[in-house]
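Okay, so here's just one chain, in structure tokens, the form predicted on its own.
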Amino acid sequence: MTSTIDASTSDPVAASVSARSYGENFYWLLNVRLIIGLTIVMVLAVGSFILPLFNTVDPAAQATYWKNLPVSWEHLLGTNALGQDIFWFLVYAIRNSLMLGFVVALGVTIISTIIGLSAGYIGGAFERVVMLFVDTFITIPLLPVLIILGAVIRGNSNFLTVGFIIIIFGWAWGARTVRSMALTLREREFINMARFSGANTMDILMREIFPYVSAYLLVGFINTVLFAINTEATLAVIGLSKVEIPTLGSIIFWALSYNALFTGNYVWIVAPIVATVTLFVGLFLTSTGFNAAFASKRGVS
């Protein structure tokens, strides 16, 4: 009776080499910007999803506490003129804004990838029809559309409705870029080899072309998260989103509406601005960090 022994487990040297090569597969991703950016985003994301587990009070409910209480151990950022705890409202605002950004980025990435890859690879009349459709959406200005829709459905929408509208009108630029990348790849030798070997269109798109555009899609995904959060915050600040729902824009809206700066409640307006800037810096560093890592991997930096 014979038995097979894994060389990596029987030979310590082989195991060490295997572990080292595995680590080197991901070592190229590490750079200062990416590490700092991911740390900032992860701290804010994990904190905003874990901390609500320890809260039993609706942060959006008004007159829950005494108004304009100072910073204390009971209220880490004090309370506002609506009788809300600023810290808990901010925690939920970060969570909701991140959820919105992730949902929008996921939707935009999926739509732009499917349309862009299929148009770029298939070509012909199909590509011309699809790109006419894409170019039509590109010419539609997103912010005016959101402002008009926000004014029409004001008070009857939520921040996810805003996200759905951003997905509808925000996928076209990504689709055009992915289509351009697919155009440059479809005539490569390995694509012709896959085609002649009998691979169907779906196999070629997913196994041959998609890996080459995945780096761009990852960076684009992060940038879309940033764009979605920024757009919703802009609409909320001018009162065109449902400001009763905690978001980074709605907390700034209420602080401005109740003149937080003039009444001396500086934390109410400063805390969300600092949180927003910190989140944006984290997302920006993560995006540029991934971009630099992929460029280094390709040997162009």
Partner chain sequence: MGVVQYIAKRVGLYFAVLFIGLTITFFLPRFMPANPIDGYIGELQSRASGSLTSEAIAELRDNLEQLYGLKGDLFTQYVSFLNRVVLHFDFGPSFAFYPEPVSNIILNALPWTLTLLLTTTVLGWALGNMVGLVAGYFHTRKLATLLEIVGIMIYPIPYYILAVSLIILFAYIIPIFPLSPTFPVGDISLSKIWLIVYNSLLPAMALILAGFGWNILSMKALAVATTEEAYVTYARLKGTSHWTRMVRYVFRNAMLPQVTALALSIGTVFNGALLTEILFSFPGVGLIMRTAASGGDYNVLYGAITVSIVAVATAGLVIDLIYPLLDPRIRHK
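Quick caveat, the model's predicted, so the values are computed rather than measured. Positions refer to the first chain, counted from 1.
The form predicted together with the partner chain is left out here; the points below concern that form.
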* Asked: Though only this chain appears here, would Ile252 touch the partner chain in the predicted bound form if you measure heavy atom gaps against 4.5 Å?
  -> yes
* Ala293: heavy atom within 4.5 Å of the partner chain in the predicted bound form? -> no
* With the partner left out of view, is Asn230 within 4.5 angstroms of the partner chain in the predicted bound form by any non-hydrogen atom? -> yes
* Asn265 near the partner chain in the predicted bound form, any heavy atom under 4.5 Å? -> no
* Structure fact -> Interface check vs the partner chain in the predicted bound form: of Met202, Leu132, Ala125, Met193, the one with a heavy atom inside 4.5 Å is Leu132
* Between the options Ile269, Ile245, Leu34, Val41, which residue brings a heavy atom to within 4.5 Å of the partner chain in the predicted bound form? -> Ile269
* To do: Please determine, with the chain shown alone, which of 87-95, 173-181, 194-202, 103-111 has non-hydrogen atoms within 4.5 Å of the partner chain in the predicted bound form.
  => 173-181
* Asked: Mind checking whether each of Ile148, Thr234 and Leu240 has a heavy atom within 4.5 Å of the partner chain in the predicted bound form?
  -> yes
* Asked: Is any part of 255-290 within 4.5 angstroms of the partner chain in the predicted bound form by a non-hydrogen atom, and which residues would that be?
  -> Leu256, Leu261, Phe262, Ile269, Ile273, Thr276, Val277, Phe280, Val281, Phe284, Leu285
